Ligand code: PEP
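Shown here is one chain on its own, the form predicted alone, set out as structure tokens.
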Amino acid sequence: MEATASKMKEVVQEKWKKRPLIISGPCSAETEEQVVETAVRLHKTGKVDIMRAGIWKPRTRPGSFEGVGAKGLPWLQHAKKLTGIPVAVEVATGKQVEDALTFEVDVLWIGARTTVNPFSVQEVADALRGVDVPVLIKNPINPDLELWTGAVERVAKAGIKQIGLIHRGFSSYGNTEYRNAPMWHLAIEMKRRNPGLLFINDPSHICGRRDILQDVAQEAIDLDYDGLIIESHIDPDNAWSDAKQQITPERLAEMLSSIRWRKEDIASEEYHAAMEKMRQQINQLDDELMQILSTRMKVSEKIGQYKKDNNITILQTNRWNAILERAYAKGEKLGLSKEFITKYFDAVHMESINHQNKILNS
């Protein structure tokens, strides 16, 4: 299966265009035997386009397994020659970029802990100048789209033409269900801003456990993601890092076969006519909502004037609690979730506060 460098580059170019693009492999390269066996088993599934493996592992606390380092790169090179599957690794420094390219790594990705630091991203970008290699960029750990966008801009300015985004979830206070809260609305906004970039989901790092991987992967596909990056291991329970979120290559194949793959559009006049009619209804309702919200803010401004005249604070906690309780009760009857009601009224409340604040300080 051994391919020349130019032939492999053509393979990677084709894989990059494939939808869905599936990337899989162990969280960490542990031994050469483990890497090669993983590659062989992934190849047998016929479902994996690129094999990933962590060589350098940035960990939250010292003492955890931080990867085998550059000595693992020849293992990936060997696995690629045996199976023909392109390989990808995470890089966080200029030296790691150079080492990875020396051993013909086909795709690089920038991890969440690196994306959060513009200096580190710039170092990686500088090392990429003059290089023709696809680069994937994970969202930063904290929910900050400007950091994510900045990383994309830095890599693009280095001359990289093939850039993709990986949504791996965000760290958030109070989150208990996921390892990293998906915050789908942020990912959707990033996708809206960058419609031309490959956009894939990382359910492994969102979930942190394997029992909900398929649900998150399905939601990503339902939201029109271009692919998935999922961690797989020949012996997940005994993996040296992130054991709980990894699955075997065979289980990966089963999961991918069970996902309901969607398409963005179909060539049907009946479908498009029906959709256009309902979208016009949505547009009309949105216009009405905007008008109602504008009217609400005008009433808030009048309230603000009364508060100013009587030297009263803007925030009235008892009133705010009463509004929320009333909204929860009404929303439940109308089929609206408490989560939505909370986010919606929080936004309306803050806009109302802003309007009243202008009145009080005018």
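All figures in this text were calculated on a predicted structure; none of them were measured in a lab. One-based numbering along the sequence shown.
Although it is not shown, the form predicted together with ligand PEP is what the next lines describe.
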Partner-proximal stretch of 157 to 165, 248 to 256, 93 to 101, 107 to 115 relative to ligand PEP in the predicted bound form, 4.5 angstroms, heavy atom: 107 to 115
Close approach of residue 27 to ligand PEP in the predicted bound form, 4.5 Å, heavy atom: yes
Distance check, residue 205 to ligand PEP in the predicted bound form, heavy atom within 4.5 Å: yes
4.5 Å heavy atom contact, residue 138 and ligand PEP in the predicted bound form: yes
Three-residue site 43, 49 and 233 fully in contact with ligand PEP in the predicted bound form at 4.5 Å by heavy atom: no
